[in-house]
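First comes one chain, alone, set out as structure tokens in the form predicted alone.
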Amino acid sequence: MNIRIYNARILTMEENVPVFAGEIQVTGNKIAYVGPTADEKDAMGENTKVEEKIWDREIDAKGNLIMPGFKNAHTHSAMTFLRSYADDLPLLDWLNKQVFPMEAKLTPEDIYHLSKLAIMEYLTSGMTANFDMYLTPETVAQASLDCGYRTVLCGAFNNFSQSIEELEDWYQRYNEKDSLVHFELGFHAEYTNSRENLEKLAELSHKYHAPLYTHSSESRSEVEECIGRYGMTPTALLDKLGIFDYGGGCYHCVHMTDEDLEILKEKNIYVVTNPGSNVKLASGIARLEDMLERGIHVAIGTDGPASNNCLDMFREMFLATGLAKIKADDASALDADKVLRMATVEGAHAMRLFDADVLAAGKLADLVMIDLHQPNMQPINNLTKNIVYSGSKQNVKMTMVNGKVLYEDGQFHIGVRPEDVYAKANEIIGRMKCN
């Protein structure tokens, strides 16, 4: 489709480009033009001779903000079935006594339906892509494709599920050009993998010169137990084994030593912070300000809806900056502009979605319209600070993925009725409770 969005405020998220008034033109799944309207060009004395296009749809933004969609750089979508089921427990008890036993009852078809529920919530929060680590990548991929949503899959290899052979197969199968779905090599964590497994992962990474992604240093006990097993932190161990030789990312990174941070910097490892989940599970507060000062790239994720409950990038952004200020005992720490970049550009780069990071001609048409005609967005003293400090899901007016409007004014356009998705999710958890 050819879509024109005009009468908009535009935040491209490009370096040193302020918000400006203009329009965006989308052809197929790509941005064809972003800039001033013809009238504005005339006023600036610029040549306005452009080829006229026939638009399938023209959208009057009415002064609202168009910006790149948020990127949820770490999540477990299908864990929607455990939302508000196993709360108020320490991390390892929550994981071993509640999550793992219930996950053992999941079928691939369950994961397909539960992933759709998460995708709907991502859309309401202006997220145009997610980095999903879960048990059956095939059914997660199918849910995303059926909804028209962009997902980067991440392996969840561990001692109990998935295999090196499956990781390699998924890596080869889901990395076709121009697909909505891609795959990155990954494993659950150091503490759920034997040393032999970790060595196999390093070999696979070296074979394809591919990055690896994993949970790391989420809790203090996780780090202490790793030191007890190997005499070093998870970060140091994984580095020693060659896991980080081709880059990648670590989720959480709450309990990191200075040595750990130097390793992440040296190996160009992305940190994906999950403040909502870390607060709820009392895991601690990540050293985001220290990381950024060292030049480490930081993105933001929600984690899964079992540990966070709410898949909301606005809440994550506020918590990221608020907790960083408390950690640093400095109200100037981690300003809103940095946080907004973490939630968009850095998230895209962490997920290797380099063609979906900013709004520019030739980039993927993954964008969100933020409703500024609401009390929490007025007055417009500073738009980026409004988004981070006072924004919420209620301000997401439209979410476009791959050039298609999937969510607009509270309505979903993903090929399935919301009521059917809700009914299926409740049917799945109801069956599990009975078994």
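From 1 onward, residues are counted along the sequence shown. Given the structure is predicted, the values throughout are model-derived calculations rather than measurements.
The same protein has a further form, the form predicted in complex with another copy of the chain, not shown here; the description that follows concerns it.
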Original post:
So which of R57, K30, K53, H373 reaches within 4.5 angstroms of another copy of the chain in the predicted bound form, heavy atom to heavy atom?
Top reply: H373
Subject >> in the predicted bound form, the one of F318, Y191, Y246, Y171 near another copy of the chain [non-hydrogen atom within 4.5 angstroms] >> reply: F318
**OP:** Report whether all of Y6, P68 and G347 sit within 4.5 Å of another copy of the chain in the predicted bound form, measuring from non-hydrogen atoms.
**Re:** no
**OP:** Select, from the options 259-267, 321-329, 226-234, 152-160, the stretch whose residues sit within 4.5 angstroms of another copy of the chain in the predicted bound form by heavy atom distance.
**Re:** 321-329
Original post:
Hey, in the predicted bound form, does Y112 get a heavy atom within 4.5 angstroms of another copy of the chain?
Top reply: no
**OP:** With heavy atoms only and a cut-off of 4.5 Å, decide whether T124 touches another copy of the chain in the predicted bound form.
**Re:** yes
Original post:
Heavy atoms within 4.5 Å of another copy of the chain in the predicted bound form: does R341 have any?
Top reply: no
Original post:
D290: heavy atom within 4.5 Å of another copy of the chain in the predicted bound form?
Top reply: no
Original post:
Of 89-119, which residues get within 4.5 Å of another copy of the chain in the predicted bound form if you count heavy atoms?
Top reply: L89, P90, L117
